[in-house]
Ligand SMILES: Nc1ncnc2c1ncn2[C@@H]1O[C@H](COP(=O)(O)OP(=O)(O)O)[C@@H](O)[C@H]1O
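This document starts with one chain, in the form predicted on its own, laid out as structure tokens.
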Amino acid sequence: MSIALPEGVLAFADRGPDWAAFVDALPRLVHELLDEWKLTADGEPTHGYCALVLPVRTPGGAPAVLKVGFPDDESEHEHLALQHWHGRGAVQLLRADPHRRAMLLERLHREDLTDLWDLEACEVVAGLYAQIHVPAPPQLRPLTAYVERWSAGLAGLPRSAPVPRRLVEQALSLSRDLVADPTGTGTMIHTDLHYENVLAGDRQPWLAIDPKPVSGDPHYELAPMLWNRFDELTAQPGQSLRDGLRRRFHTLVDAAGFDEHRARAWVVVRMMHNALWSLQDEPDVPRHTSTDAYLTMCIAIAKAVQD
């Protein structure tokens, strides 16, 4: 059976030579995996930002999905996280070939949290935190190493950068304190848990997918729940953007039993790092969002969570 790559996957090739090589080799790799693992294609392939996902049937006829991802640092240990969770709060890993970034996963439903009231979705995600925040295996990179590198870049931003300097300085100060705290590592965290990365399942109502795991601080997790579905907050009559963001933030903190001050610090740091990356995009690399709109969002979130 010939596997036709979706247009979105073919477009990965525009990101550079490494991506082009990945796309070129992908059809053959998928066929090899189907043959070796004795899988049967069971639908049209879909994709995320960094991976192809193909519905399949196992040799016994059970529904599953074959996921083949681009070899990047963020997803290198995805299989390891899923293996350690054993399906508790997350999609079940059935088989993996880490060298080829291939995984066979249980098939979940297409329904995600985007159609739930945002505060109800926050409560669901906070419940998943309690299941997936387990001791980190030694192979995971420490969050603090990333934060130190990103903060060094943030410190190098010129004062003319379109970001309030007080927020930059605040983020630098907070990141130094967070990195110096020994509790800043040791827990396996997802780092990208948001509305679209939680799917409905049969074993339990909601399960996390697509982790980008590191050894870090659980309080680091909140920010994606604030910046995703951001446009909804600007379109709700009778509610200010600030109030909407603060309701999400406090719902997550309260439902998860987190320390409010520590959660707030990580949100500010993450949003300033996000602002930095948007300003450092390489020339001719397609952007995901408008720079001005994205920077405005980063600044708005960093301000909103503070008293």
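All residue numbers refer to positions in the sequence shown, first residue = 1. Not measured: the values here are computed from a predicted model.
Just so it is clear, the following notes concern the form predicted together with the ligand, a form of the same protein that is not shown.
Between 178, 108, 168, 143, only one gets a heavy atom within 4.5 angstroms of the ligand in the model of the complex; which residue is that? None of the others qualify; the residue that does is 108.
Heavy atom within 4.5 Å of the ligand in the model of the complex - the one residue of 26, 245, 263, 53 that qualifies: By the 4.5 Å criterion, the partner-contacting residue is 53.
Can you pick the stretch from 148-156, 178-186, 192-200, 133-141 whose heavy atoms fall within 4.5 Å of the ligand in the model of the complex? In the other structure, the partner sits against 192-200.
Is it the case that residue 77, even though its partner is missing from this view, gets within 4.5 Å of the ligand in the model of the complex, heavy atoms only? Residue 77: no, not in contact with the ligand in the model of the complex.
Considering only heavy atoms, tell me if residue 101 and the ligand come within 4.5 Å of each other in the model of the complex. Outside the cut-off, so no.
Can residue 210 be called a contact residue for the ligand in the model of the complex at 4.5 Å between heavy atoms? Yes, residue 210 lies within 4.5 Å of the ligand in the model of the complex.
Find out whether any non-hydrogen atom of residue 46 is located within 4.5 angstroms of the ligand in the model of the complex, and reply yes or no. It does: once the ligand is placed as it appears in the model of the complex, residue 46 has a heavy atom within 4.5 Å of it.
Heavy atom contacts to the ligand in the model of the complex at 4.5 Å, residues of 55-71 in sequence order: Result: 65, 67.
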